[in-house]
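Next up is one chain by itself, shown in structure tokens, the form predicted alone.
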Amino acid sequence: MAVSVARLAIFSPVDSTGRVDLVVRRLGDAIALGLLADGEQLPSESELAGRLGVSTVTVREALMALRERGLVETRRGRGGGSFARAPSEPDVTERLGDLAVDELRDLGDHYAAIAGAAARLAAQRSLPSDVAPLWRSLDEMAVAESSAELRRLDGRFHIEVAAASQSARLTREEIRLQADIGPLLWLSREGLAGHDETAAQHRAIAEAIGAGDADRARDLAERHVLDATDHLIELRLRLQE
């Protein structure tokens, strides 16, 4: 259920201003996070236009921009269409050096508010079928063999929490934030100790949501993000040494 809610959020109508950029961001974020899998065929231009509430011209321009960024491949002829292409791993250390400590703190505060609200609503609204994907992601994280796979599953877990809140707006904002600062926050969790701490926090969040404990779920989700932000700021300050 949660995964289908996340996919509905990806393809829900976009706002009326700057529609090409919004479509590019919506689809690009979904591809970068693996919500649209590498090699997955996208809906046709006409179907995308209908689901996103835009013109086919807007979709065509957005797909062109995504092709230029290497996130979409278009094939002609039978079996053709537009297909998602996973990006290479970003250089997050370089981006970290470009952000001031105040900017990191502000990003962390905003993300903590979104994560906390999503976890609270998930605890209040979710059914067992909505919580099941959280545990599936945690089980997959426990046996993941690479940092890249762990990072992808970490992002998926947080998006599934937002999807369990039954709020399309919160889910879209979680997807945007995961694509924007998710790789940075994951940088702060690198190393075995960081992964163990993250896994324990994830499990506590999932347990609180499953138990319907809204206040605890919110507090745990906020603390999870703020702890990662604190670690990230420590890394940023080391770059100045």
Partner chain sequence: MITRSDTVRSDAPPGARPAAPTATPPAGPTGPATGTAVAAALARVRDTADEVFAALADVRAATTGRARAVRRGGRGLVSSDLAALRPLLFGRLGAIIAGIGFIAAPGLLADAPWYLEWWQESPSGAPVQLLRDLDPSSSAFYDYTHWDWYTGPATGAERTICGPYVDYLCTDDYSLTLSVPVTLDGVFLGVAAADVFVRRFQAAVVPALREIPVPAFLVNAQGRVVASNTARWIAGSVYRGTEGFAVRRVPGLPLSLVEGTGR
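If you superpose the two forms and keep the largest set of C-alpha atoms that fall within 1.5 Å, you have the rigid core. Positions refer to the first chain, counted from 1. Note that this is a predicted model, so its numbers are computed, not measured.
The discussion below concerns the form predicted in complex with its partner chain, not included here.
For its partner chain in the predicted bound form, the listed stretch (200 to 208, 66 to 74, 180 to 188, 50 to 58) containing residues with heavy atoms inside 4.5 Å is 50 to 58. Proximity of E40 to its partner chain in the predicted bound form falls within the 4.5 Å heavy atom cutoff. Although the partner is absent here, G116 lies well away from its partner chain in the predicted bound form, with no heavy atom inside 4.5 Å. A residue is said to contact a partner when one of its heavy atoms sits within 4.5 Å of a partner heavy atom; A142 fails this definition for its partner chain in the predicted bound form, lying far away.
Although the partner is absent here, R85 lies well away from its partner chain in the predicted bound form, with no heavy atom inside 4.5 Å. Along 19 to 34, these residues reach a heavy atom to within 4.5 Å of its partner chain in the predicted bound form: R26, L33, G34. When two forms of a protein are overlaid on their rigid core, residues whose CA moves 2 Å or more are considered shifted, and R169 is not one of them between the shown form and the other one.
Fitting the two forms on the rigid core leaves the C-alpha of V54 displaced by at least 2 angstroms between the shown form and the other one. Core-aligned CA deviation for G79 between the shown form and the other one: 2 Å or greater.
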